[in-house]
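Form predicted on its own, single chain, as structure tokens, below.
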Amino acid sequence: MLRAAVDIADKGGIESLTMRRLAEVLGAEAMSLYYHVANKDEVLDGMVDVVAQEINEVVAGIDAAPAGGEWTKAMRARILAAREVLLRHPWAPWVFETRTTASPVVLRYYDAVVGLMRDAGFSYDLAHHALHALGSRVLGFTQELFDPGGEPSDAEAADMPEDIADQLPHLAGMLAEVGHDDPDSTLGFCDYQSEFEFGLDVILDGLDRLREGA
């Protein structure tokens, strides 16, 4: 059932997943699903476990970090491998963010991440700081500061001040210069591969300096 739910979301987005649609795919009555799950939230919890298990299986094949600074390469490879999984399930970051219970499968992933840092010489205190600094990047995506929800409508565009560049000169200048041209690499409004890797490298380099100074 959970694999079918993941397939539905992969093909049509998470909004296409309803209990009725899931029952249709399974060849069952919608009400019969409630013998197996209490509600749709329980289905979403299970979908997180499915994707997290896929991540765990992929990263299990990545070599452990050697001693010293090479830990950053192993961590980077692990995180980017997790991201590759999420790019196959672009609905997953939103579902991961909205869960209110800790998935034991996700916790196993985090446990391995902390283990990698410990092997590289991190104290538990610094590893704890590192997890906070990395945030959702540990799982391969970034939480957006805001999401404008797509391009503005004609009516919304008409309401925008013509002198927006005068009112917000620095933002206007930045947006005029910055562009993204790889729609297949994004998991959010500005979560493109290049931006994700830039932020990841900045954090890992900073953590490595802290590790060396500990």
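Nothing here was measured: the structure is a model prediction, and the numbers come from that model. Note that residue numbering follows the sequence shown and begins at 1.
We do not show the form predicted in complex with the DNA, though everything after this point is about it.
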_Any non-hydrogen atom of N56 within 4.5 angstroms of the DNA in the model of the complex_ = no
_Considering non-hydrogen atoms and a 4.5 Å limit, does the DNA approach V25 in the model of the complex?_
no
*At the 4.5 Å heavy atom threshold, is Q167 in contact with the DNA in the model of the complex?*
no
*For M31, is any heavy atom within 4.5 Å of the DNA in the model of the complex, or not?*
yes
*For the heavy atom contacts within 4.5 Å of the DNA in the model of the complex, list the residues of 5-21 involved, in sequence order.*
L17, T18, M19, R20
